[in-house]
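Next come structure tokens for two forms of one protein chain, structure 1 first, structure 2 second.
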Structure 1
Amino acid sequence: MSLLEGLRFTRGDSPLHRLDPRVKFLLTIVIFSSSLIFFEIIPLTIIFILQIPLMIIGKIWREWLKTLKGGLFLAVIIFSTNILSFYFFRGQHLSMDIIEFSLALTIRFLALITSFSVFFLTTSPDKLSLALEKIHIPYEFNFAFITAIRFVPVLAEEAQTIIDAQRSRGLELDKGNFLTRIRKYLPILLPLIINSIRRSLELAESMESRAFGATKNRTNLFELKLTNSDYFWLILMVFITFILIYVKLYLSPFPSLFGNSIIF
């Protein structure tokens, strides 16, 4: 779960936080697709390293490291399954180029989750909602989505309280076999579900009382407007995209780092 934890937005202020969410999304897409078009270790490592300054600009390197730590387990799985499958497909030889390729794919995975961190760690749900509105997603869906995000921590806290309350009544979740353990979650799930229904009723009452859906022409306190720095990033991205295409078309394939000597 710590992989997802790392993707949770925390309030902050940095050029990256202030960036228009649409531009930032484009940035993520560019990084995302650039790590998909390369297979070699050299360009993927460069892409990965080039994202580090973004983490520093966005002051999110701490959260990002947490995400990487959470992703480490998956990274190990990717690395080892690649090696194993190549080992069995290529005449049972383990060569340096297999290791290099597996390593490249692992780095690609880390580059991908990093590109998501750039977006999710620096974009508040409020801004995300504005961006969704701009691309003409109906406000009702948009609102439901944002409210769901808003209530995740509230529900988590409530679940903890319910667990505490039932443990105080002698419920021992970690005792018994698999089936009895599942049954033991009933006293936790039922109050959680019933409370959620009750809460949604209260939310609905409150929304109605605040004139939700009064007019089709809803206004917004904050409007998304592209600023100079947004344009700067946009131009930078176009520039990078051209470089990437050039590199892919004229400079690849890249030389191998480790050679292809057979280990055993």
Structure 2
Amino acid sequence: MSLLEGLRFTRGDSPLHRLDPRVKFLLTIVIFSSSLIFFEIIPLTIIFILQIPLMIIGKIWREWLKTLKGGLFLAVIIFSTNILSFYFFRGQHLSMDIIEFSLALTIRFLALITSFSVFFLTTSPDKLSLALEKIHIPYEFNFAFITAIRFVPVLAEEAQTIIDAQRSRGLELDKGNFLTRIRKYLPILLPLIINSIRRSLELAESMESRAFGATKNRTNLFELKLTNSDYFWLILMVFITFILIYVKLYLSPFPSLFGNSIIF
């Protein structure tokens, strides 16, 4: 459940928190796109490392480490699945380039997690809602998206509470085969689903009592305005985008680190 910590907004007063949500979203898109266009381990590692100063500037590195810890299991699955698939589809030969490519895809996954953590950990749902309104997203879709962002970490925390409660009652989730473990999660899923339905009904009653959707001409107490810092980051991202395009067109593909030697 710690993987979902990357979706929980962390209050702070860092330069990253003060950036306009639209600028941070564009920053996330640049990092996300750069992680997808490269397949080599060298650029993906550089992209991942370059995000670490952002975590330090935003003072969110502790939450980011929790997110990486939660994604470690999926990272191992990605690495193992790629090695096994390439091993069986390439004549059952394991070479260093297969290991390097599998490791590159794993680093890409970690870089993608980090990029979204930069955005969601430093962007409050209220400011994100204002940003979506600025780009003329219908408020109904806007509200549904913001509500999902607010409640996903809450559901993760509630699921962890239910797991701890069931374990205190003697439920052993780590024993048995795969199907047995799935059946053991039923005492966790049922209370979680019931609580989710109950929470949705309470939210619907609260929205109705506040006349949700009664008027289309909504106003906001605060308005988003771009500052000099926002313009600086916009110019920087445009510069980085041109560099990425140049590297992809003229410097790619990058040399292999481990060569193409066959292990067995």
Partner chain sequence: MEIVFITKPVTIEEKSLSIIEVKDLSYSYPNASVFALKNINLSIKPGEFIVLTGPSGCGKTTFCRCLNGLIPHFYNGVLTGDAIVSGLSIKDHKIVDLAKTVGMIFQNPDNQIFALTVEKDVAFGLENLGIPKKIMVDEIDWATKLTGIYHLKERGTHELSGGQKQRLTIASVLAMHPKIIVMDEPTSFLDPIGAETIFEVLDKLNKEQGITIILIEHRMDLAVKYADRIIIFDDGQIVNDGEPSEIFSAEETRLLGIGIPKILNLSKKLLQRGFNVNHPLNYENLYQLLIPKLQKVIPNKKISNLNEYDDFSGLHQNKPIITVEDVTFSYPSGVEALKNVSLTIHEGEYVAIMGENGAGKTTLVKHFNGLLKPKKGKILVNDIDVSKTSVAALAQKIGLVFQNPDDQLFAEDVKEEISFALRNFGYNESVINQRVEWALNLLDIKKYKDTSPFILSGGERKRVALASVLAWDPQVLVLDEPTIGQDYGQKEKLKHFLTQLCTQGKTVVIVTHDVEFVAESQPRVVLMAKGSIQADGSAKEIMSNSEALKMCSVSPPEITKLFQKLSSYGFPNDVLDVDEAVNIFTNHLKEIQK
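Every residue number counts along structure 1's sequence, beginning with 1. Computed from a predicted model, the values in this text were never measured in an experiment. Between two forms, the rigid core is the largest collection of C-alphas that superpose within 1.5 Å.
Structure 2, rather than structure 1, originates from the form predicted on its own. A hinge is where C-alphas change from fitting one rigid part better to fitting the other better; between structure 1 and structure 2, that place among Phe101, Leu84, Leu190, Asn220 is Asn220. Relative to the larger rigid part, the smaller one turns by 16 degrees between structure 1 and structure 2, according to C-alpha superpositions.
Shown is the Cα shift of Thr147 between structure 1 and structure 2 after rigid core superposition, which amounts to 5.0 Å. Core-based superposition between structure 1 and structure 2 puts the Cα shift at Pro138 at 2.8 Å.
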